[in-house]
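Form predicted on its own, single chain, as C-alpha cells, below.
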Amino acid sequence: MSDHIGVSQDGAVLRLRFNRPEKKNAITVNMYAALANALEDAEKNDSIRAVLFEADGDIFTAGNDIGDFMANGAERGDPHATPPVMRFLLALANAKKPLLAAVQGGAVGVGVTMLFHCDLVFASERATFHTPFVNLGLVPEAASSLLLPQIAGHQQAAEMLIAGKKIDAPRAEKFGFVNEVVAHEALEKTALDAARNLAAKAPTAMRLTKQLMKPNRDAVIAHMKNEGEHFAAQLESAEFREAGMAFMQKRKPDFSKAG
C-alpha cells in the first residue's frame, strides 16, 4: 500500500484519498497499485456499499507523475502482469458498487478521466479540469475518448481531448460529468452525505440498477485496452520524450519535426 493513498472506512463508505499534496497529488505506479488493490478489495467486502474519491491539498491530482512514468515506461515488474495503472482503470470500469468523487481543486489527465466512471461527482467552485494528453504527445486513456463524447457530445469532448482546453467547474457541470458545483467549504460534507445516502440503499437493487445503466461495459473495457496500447506506444515515442523534457524544463515543446 502506498503512503500517498489514504484508505479509510466511514461506516459503509470506503474513502480513498490522494495524499501527496507536496507533488500536486501526481500519481505514481505505486499509487496506482494501492488504488487498484483498494477497489478490488472493496468489491469483495460486503461491508462496503460505496466508494468516495477525495484529495488533500489544493489540487485533486495533477495526473500521472511524468518523471515516474518516463523512468518506468508503460510497465514494470512481471511483463505478463497487468500494469497497476490498467488494473486501476479496469477496477473503475468493473465497479459494481457506486463510485463518487469530491474534486476540491485542479484535476488533470487521469484525474479527469476517472470521473467519467463515477456515478456522482461533486466539485468545488475552485475546481478545474484539464486533459492535455495531445499536448504531452500522448492519447486519452480510461476509455475517455469513448465516454466523454457520449457524455458531453463530440465538439465539447474535442475541446478537452483534442484542443486540451482547461475548463472550470460550472462548465464541467454543463458538459455533464459533474453533478453539482458547491462552495469549497461545503464540498466534503456534500460528497460524504451523498455517499452515505447511496450506501444506505438496497445493495442488490443498487448493483442491478448500475448494471442496467452501463450495458456497454465490455465495449468500454475493449476501448480502454485499445487506448492503452496506443498510450504505451506513445510513452516510447520521440513526441513524448520531447513533451516530457519540455514539461520538466518549463518550456513549450517543439513538435515541428514530429510525424
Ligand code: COA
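Keep in mind the model is a prediction, meaning the values are calculated, not measured. Quick note: we count residues from 1 along the sequence shown, nothing fancier.
Omitted from view is the form predicted in complex with this ligand, to which the following refers.
Asker: Is there any non-hydrogen atom of F133 lying within 4.5 Å of this ligand in the predicted complex?
Answerer: Residue-level check for F133: yes, a contact with this ligand.
Asker: Is there any non-hydrogen atom of K24 lying within 4.5 Å of this ligand in the predicted complex?
Answerer: So K24 counts as contacting this ligand.
Asker: If we define contact as a non-hydrogen atom of the residue within 4.5 angstroms of the partner, is I48 a contact of this ligand in the predicted complex?
Answerer: Contact with this ligand, no.
Asker: Does this ligand come within 4.5 Å of any heavy atom of V108 in the predicted complex?
Answerer: Answer yes; at least one heavy atom of V108 falls within 4.5 Å of this ligand in the predicted complex.
Asker: Tell me, out of L52, A62, A194, A42, which residue has a non-hydrogen atom within 4.5 angstroms of this ligand in the predicted complex.
Answerer: Contact check passes for A62.
Asker: Exactly one residue in I66, M206, A232, A38 has a non-hydrogen atom within 4.5 Å of this ligand in the predicted complex; which is it?
Answerer: Spelling it out, the residue with a heavy atom inside the cut-off is I66.
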